[in-house]
Ligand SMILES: NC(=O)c1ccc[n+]([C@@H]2O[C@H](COP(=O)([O-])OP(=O)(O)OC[C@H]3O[C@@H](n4cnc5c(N)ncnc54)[C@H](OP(=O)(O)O)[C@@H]3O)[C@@H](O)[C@H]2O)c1
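Below sits a lone chain in C-alpha cells, taken as the form predicted alone.
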Amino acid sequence: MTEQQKTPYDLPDASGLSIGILGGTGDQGKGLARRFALAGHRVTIGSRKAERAQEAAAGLAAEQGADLPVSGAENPVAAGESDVVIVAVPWEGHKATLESLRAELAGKIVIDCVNPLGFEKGKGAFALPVEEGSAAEQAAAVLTGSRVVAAFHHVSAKLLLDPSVAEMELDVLVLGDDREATDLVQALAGRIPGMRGVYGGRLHNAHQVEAFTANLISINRRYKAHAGLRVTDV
C-alpha cells in the first residue's frame, strides 16, 4: 500500500497475501487456516513438529473434500515463508515461541489473537495479569523488528471449523500503532465472508479486548451460543 487512506473504509487489497499460523493445530488456528484457505490465501499451518502441522492441513483438506491451498510445517518455516503471520499459540508458550522466532518474523506484520485467560471451577473464565499489559504488547516487546497487530480474539473456533456455516457474521476489532498494518489486517478480516475488520485503537488498548473474551465465554455458556461482536453505527 503506497497511499494514505482517504476514509476509514478505504482499505488495501489483501487478496494475494500468504498467511502463516503459529499454533495452527489448535482449534482457533486451524479454524482461521480453513477460512483463509477457502478465501483463496496460501496458508501454512505452523507447529513445533512438522508432522502435526501436516496432519492438521491434510485433515482440513479431507473435511472440505476439495483441494485447499493449505500446508503444514515447523513454526520457523511457517513464519519465514509467509507474508503475514497469525499467533494463535497457547498463552503458556506465547513468549517463548515468539522469542525463538524473532529472526523469521522480522519486518513482518504479526497478528496476535492470544487471550491470556485462567479458568476456575465455579467462577469460570477470567483475565490473567500480563506484565507488559497484554499478550499483544508482550509480542511487541519481544518482536521489536516486527509490526504487531492485535485481532481475531472474539471469533468462535467452533464456527470457524463448521462446514455448515457459510458466513461469519461478526466484527473483528483490530488494534495497533501502525496505520498501514491495521488497515491491512482489517482488509484480511473482510476476506472471510460475513466478517468485517473494525479499528479498535492502539496496541495499548489490547488488554480489555483480550480480557473481554472471558465475558463472551460466560455469555456462550449461559445461552449455549457462539456469540461474537457487532459494532453499531460504523
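Sequential numbering from 1, following the sequence displayed. The structure presented is a predicted model; accordingly, all values stated were derived computationally and were not measured.
The same protein has a further form, the form predicted in complex with this ligand, not shown here; the description that follows concerns it.
Looking at 194-202, 173-181, 61-69, 22-30, which lies within 4.5 angstroms of this ligand in the predicted complex, counting heavy atoms?
-> In short, 22-30.
Find the only residue in Leu101, Val89, Ala139, Val85 having a heavy atom within 4.5 Å of this ligand in the predicted complex.
-> Result of the distance check: Val89.
Please pick, from Gly124, Gly93, Gly133, Pro76, the one residue with any non-hydrogen atom lying within 4.5 angstroms of this ligand in the predicted complex.
-> The option sitting close enough to the partner is Gly93.
Using the partner position in the predicted complex, report whether Ser146 sits within 4.5 Å of this ligand, counting heavy atoms only.
-> Ser146 lies outside the contact set for this ligand.
In the predicted complex, does Ala157 have a heavy atom within 4.5 Å of this ligand?
-> Within the cut-off, so yes.
Answer with yes or no whether Leu105 is in contact with this ligand in the predicted complex, where contact means some heavy atom within 4.5 Å.
-> No - in the predicted complex, heavy atoms of Leu105 and this ligand never come within 4.5 Å of each other.
Taking the shortest heavy atom distance, is Ser47 within 4.5 Å of this ligand in the predicted complex?
-> Close contact exists here: in the predicted complex, Ser47 approaches this ligand to within 4.5 Å, heavy atoms only.
Counting only heavy atoms, which residues in 102-132 are within 4.5 Å of this ligand in the predicted complex?
-> Read in sequence order, the residues that approach this ligand (within 4.5 Å, in the predicted complex) are Cys113, Val114, Asn115.
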